[in-house]
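Here you get one chain, nothing else, as structure tokens; it is the form predicted alone.
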Amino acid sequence: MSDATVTQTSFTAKARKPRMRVNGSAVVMGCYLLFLLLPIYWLLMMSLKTNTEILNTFTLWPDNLTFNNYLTILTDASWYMGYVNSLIYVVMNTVISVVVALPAAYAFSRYHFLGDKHLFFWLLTNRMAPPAVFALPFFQLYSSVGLFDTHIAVALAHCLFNVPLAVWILEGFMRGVPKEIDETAYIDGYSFGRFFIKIFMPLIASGVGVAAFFCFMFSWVELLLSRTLTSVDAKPIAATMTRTVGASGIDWGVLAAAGVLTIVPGALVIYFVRNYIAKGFALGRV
């Protein structure tokens, strides 16, 4: 065999190796996605089955397709009001957390004062503490001032954890904006409020989107405080789902349908802020 033939064969073998690695990566990624989506698929299938089929047979697709589980949730006020209550206090918390965190993050990113590092660290320690530590103090405080079983009570309680997180995220974005922009705006005659809204906010829009996303998600999935601080009027969907347990057992179909509907708000939020999230992971402190 000539040297030219050997060289051509070696070159061809080397050229094929990257293609094999790409195929291997695709297989690994496909298995990973299958592993992530399998529980969601199974939850969706359970929501379309009757309790008899769920408990007695193993099927990948419902034998008797039914939407009665969703109909139960959408027609029973005690069910769908759980979603309404959850959305109310989650949106309230997200707005309050971002509005409070914006000036705080700006102060940490632009000014240096005595104890600023210690204060910044102390804010993060609130995020590290488990909600169970604050459940009893919040319950006693809100019961004393008449805020128990209200949406604002849960929203303010979640601010204890979400405001430090939003400050930490936004401070990283604001630190990346040069201070010369602030000084130039003041020279041009901009007031602080006008500069902050018209110039500074568009520069950190991706950071605001990321902070709002995390505040929304943490407040949406939190259960202990929202269940402890509510009873009837502001009862969230996570607490309402315990109604499926009764003397006759667990209503698995309705519980699965409630789980599917619980995923929908988070999925919609991710869809609308997906571009901001991508920029946030690339540029910000996330």
Partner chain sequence: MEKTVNQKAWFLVLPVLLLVAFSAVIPLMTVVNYSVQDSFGNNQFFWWGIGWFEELLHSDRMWSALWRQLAFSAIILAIEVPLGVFVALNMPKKGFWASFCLVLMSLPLLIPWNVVGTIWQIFGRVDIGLLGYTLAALGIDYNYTQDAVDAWITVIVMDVWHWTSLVALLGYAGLQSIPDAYYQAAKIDQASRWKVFRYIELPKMMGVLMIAILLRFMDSFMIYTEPFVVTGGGPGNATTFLSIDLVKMALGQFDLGPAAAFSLMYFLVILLISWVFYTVMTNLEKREG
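Rigid core: the largest C-alpha set superposing within 1.5 Å between the two forms. Keep in mind the model is a prediction, meaning the values are calculated, not measured. Positions refer to the first chain, counted from 1.
The discussion below concerns the form predicted in complex with its partner chain, not included here.
Asks: I have 73, 194 and 201 flagged as a candidate spot, so tell me whether each of them has a non-hydrogen atom within 4.5 Å of its partner chain in the predicted bound form.
Replies: No: none of 73, 194 and 201 comes within 4.5 Å of its partner chain in the predicted bound form.
Asks: Although the partner isn't part of this model, could you tell me whether residue 88 comes within 4.5 Å of its partner chain in the predicted bound form, counting any heavy atom of the residue?
Replies: It does not: once its partner chain is placed as it appears in the predicted bound form, residue 88 has no heavy atom within 4.5 Å of it.
Asks: Check residue 230 for me: does it contact its partner chain in the predicted bound form (non-hydrogen atoms, 4.5 angstroms)?
Replies: Taking the distances in the predicted bound form, the answer for residue 230 is no, it never comes within 4.5 Å of its partner chain.
Asks: If we define contact as a non-hydrogen atom of the residue within 4.5 angstroms of the partner, is residue 215 a contact of its partner chain in the predicted bound form?
Replies: Outside the cut-off, so no.
Asks: How about residue 114 - does it come within 4.5 Å of its partner chain in the predicted bound form, if we only consider non-hydrogen atoms?
Replies: Yes.
Asks: Heavy atom within 4.5 Å of its partner chain in the predicted bound form: which residues of 98-115 qualify?
Replies: Residues within 4.5 Å: 100, 101, 103, 104, 106, 107, 108, 109, 110, 111, 112, 113, 114.
Asks: Look at residue 263 and decide if its Cα position differs by 2 Å or more between this form and the one not shown after superposing on the rigid core.
Replies: No, the C-alpha moves less than 2 Å.
Asks: Following rigid core alignment, is the displacement of the residue 57 C-alpha between this form and the one not shown equal to or greater than 2 angstroms?
Replies: Yes: residue 57 shifts by at least 2 Å between this form and the one not shown.
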